[in-house]
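Shown here is one chain on its own, the form predicted on its own, set out as structure tokens.
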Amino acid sequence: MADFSTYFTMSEADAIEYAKGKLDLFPKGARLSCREIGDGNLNFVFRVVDEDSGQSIIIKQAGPVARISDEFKVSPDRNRIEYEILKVHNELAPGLAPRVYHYDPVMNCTVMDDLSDHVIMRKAMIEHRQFPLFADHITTFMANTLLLTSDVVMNHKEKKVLQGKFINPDLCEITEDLVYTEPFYDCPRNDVFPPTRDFARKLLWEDEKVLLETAKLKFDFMTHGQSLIHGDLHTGSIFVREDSTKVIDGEFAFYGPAGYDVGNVLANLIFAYVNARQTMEEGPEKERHIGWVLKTIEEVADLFQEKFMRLFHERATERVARYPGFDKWYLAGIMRDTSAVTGLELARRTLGIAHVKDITSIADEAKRAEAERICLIAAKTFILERDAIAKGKDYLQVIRDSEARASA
């Protein structure tokens, strides 16, 4: 029997022994079962259940390489970062993240709430399910976590101390490569759908203006420590029920541009929209679902700005941030970044190594190719025209224009 004094990658049986020997969360003698449920790119996720009471927890363990590819050597310290960011999220956005119970720096694992009564949002969106409270929940989460960790609100020295806890070089490097660099040239590591390759080359890879703007954005990401961002806030990192939203998978967290999180949410809602457009049968059900997704995109963009501005006026402590006009200037910068990141995420999930099932599950090759053209045309617009895109209606207009161009 392992004593867990030295790191190793756990099996399901090991996770049961860990729960019995290292945690004080189950009754003595409890009949525990375990299943490894991780299907992400980085970690091992174990669900441990008390067979008698039904009580359950999640043990999430980080290894020395990413599951997506052993090319990515990533520090297991990301597990500490996830533990720390979940504590921050529970403090600043209570009810919108799972609770955490334990962190083990030797076994590189975190113990947290089991959210099995929720569903991963990407899966639910591919099933064309609707969540009417999602826009309200996620915009509260983003406004609170992004503003309340910024220099607008925090004591600047305390903010710098917090920033030091979230230095995250390995996972930032993954973002710098996979989001800002590799989608914009014919990188050998890219996984490009063959019918899309020539289109991507002409639209993006050979456009020097696009390349210059993505270079600027990459350096903004690397140097602009504005807010404590989640860093990977897509629909695969969100659990949902009709009445609940929980943000998970915060191991990419670091101090970066606030718009990075907002743009990721919007881009992944666009993927959900494109999936529904291409896969649902024509009729009232499709119209209702597409209408809801478009309304959600619009609400996320607009509600975030409303809540952010209201919170700014309630909580700003920095004297100069309260000068007339500063609030609008500050938010406008976040929304420029939001538009740009929406475009970057659309491009990288279409052309890079880490795709989304919203697109790859489109079985008809012609429809998938059209979906990818829509995403790439929109991506270019969101990047190049980011100064003019802020309101929800602007996002819907880009989607409509991109659809028209993709099918022309």
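All values derive from a computational prediction rather than experimental measurement. Heads up: residue numbers just count along the shown sequence, starting at 1.
The discussion below concerns the form predicted in complex with another copy of the chain, not included here.
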I need the one stretch from 274-282, 124-132, 105-113, 311-319 whose residues put non-hydrogen atoms within 4.5 angstroms of another copy of the chain in the predicted complex. 311-319
Scan E173, D136, D191, E91 and let me know which has any heavy atom within 4.5 Å of another copy of the chain in the predicted complex. E173
From T196, Q226, T245, T140: within 4.5 Å of another copy of the chain in the predicted complex by heavy atoms is Q226
Taking heavy atoms and a 4.5 Å cut-off, does A215 contact another copy of the chain in the predicted complex? yes
Closest heavy atom of A332 to another copy of the chain in the predicted complex, within 4.5 Å or not? no
May I ask you to check whether R201 falls inside a 4.5 Å heavy atom distance of another copy of the chain in the predicted complex? no
In the predicted complex, L96 touching another copy of the chain (heavy atom, 4.5 Å): no
Heavy atom of each of D151, H156 and T181 within 4.5 Å of another copy of the chain in the predicted complex: yes
